[in-house]
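The form predicted on its own is given below as one chain in structure tokens.
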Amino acid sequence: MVLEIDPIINLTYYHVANDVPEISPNIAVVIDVLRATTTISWALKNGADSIQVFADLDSLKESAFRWNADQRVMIGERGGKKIEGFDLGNSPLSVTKKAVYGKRLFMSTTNGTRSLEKVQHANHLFAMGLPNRRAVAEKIISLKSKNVLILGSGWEGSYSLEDSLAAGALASYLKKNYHSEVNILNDELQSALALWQIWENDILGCLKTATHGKRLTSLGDYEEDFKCCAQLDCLDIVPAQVERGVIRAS
């Protein structure tokens, strides 16, 4: 009898979309803790049929207006604020079952949807926040793929602490639970792992310390958003791209 050996997983982390080379990875995981990928995960948990993501607002409107108004929800955010004329802003608390159940969500945010568009050519594309870290990690393990690209969305092309924290959380889980070797291929991910080791027992504190966390705090009372985004491994949802730019629960 020949024993099947799991392949080595090679993990690479880019902390902003601008740094990603023009490649088509086998697996890409996009992270935007505050708040796009957290919002996507909760929307699917609450029964949204699908989420179509856009970097460009005009493209979003053109696609959305082809849909029956009763079957669509338009989510728009720039600079942390809801865009005028859109149904919802970019908050995981807004995508309630009443608001999204059975509907197609058309979504554009400052950072997260741009990152999803950047790696939409991946064979497998997943959106991850901290609440569904374990679910996404287990999906990666089940696929037994050799190469995984992790992409943090950052803030307008610059580094974000909270996305690197989540990248480190994902790498840490894979290293502890995968039955073969996990290779960390770049210093960015080594740093993310170290960041996770420092903050894993105070995730909420890290999110509030981050520059983007402070930015949200300056805009209003986002305490409940912070708490929601800081939850770890509480969702079994894996948001996966099923066609170019369209995400469903897998």
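Fair warning: this is a prediction, and the values are worked out from it, not measured in the lab. We number the residues from 1 along the sequence you see.
Below: the form predicted together with (2R)-3-sulfolactic acid, not depicted.
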Exercise for the section: Spot the stretch among 178-186, 55-63, 30-38, 191-199 with residues whose non-hydrogen atoms come within 4.5 Å of (2R)-3-sulfolactic acid in the predicted complex. Expected result: 30-38
Exercise for the section: Report whether the minimum heavy atom distance between L216 and (2R)-3-sulfolactic acid in the predicted complex is within 4.5 Å. Expected result: yes
Exercise for the section: Although (2R)-3-sulfolactic acid is absent from this view, report whether S94 comes within 4.5 Å of it in the predicted complex, heavy atoms only. Expected result: no
Practice task
Verify the contact flag for T110: yes if a non-hydrogen atom of it lies within 4.5 Å of a non-hydrogen atom of (2R)-3-sulfolactic acid in the predicted complex, no if not.
Solution key: yes
Practice task
Would you please decide whether W155 lies within 4.5 angstroms of (2R)-3-sulfolactic acid in the predicted complex, comparing each non-hydrogen atom pair?
Solution key: yes
Practice task
Verify the flagged residues E77, N90 and H212 against (2R)-3-sulfolactic acid in the predicted complex: is each one within 4.5 Å by a non-hydrogen atom?
Solution key: yes
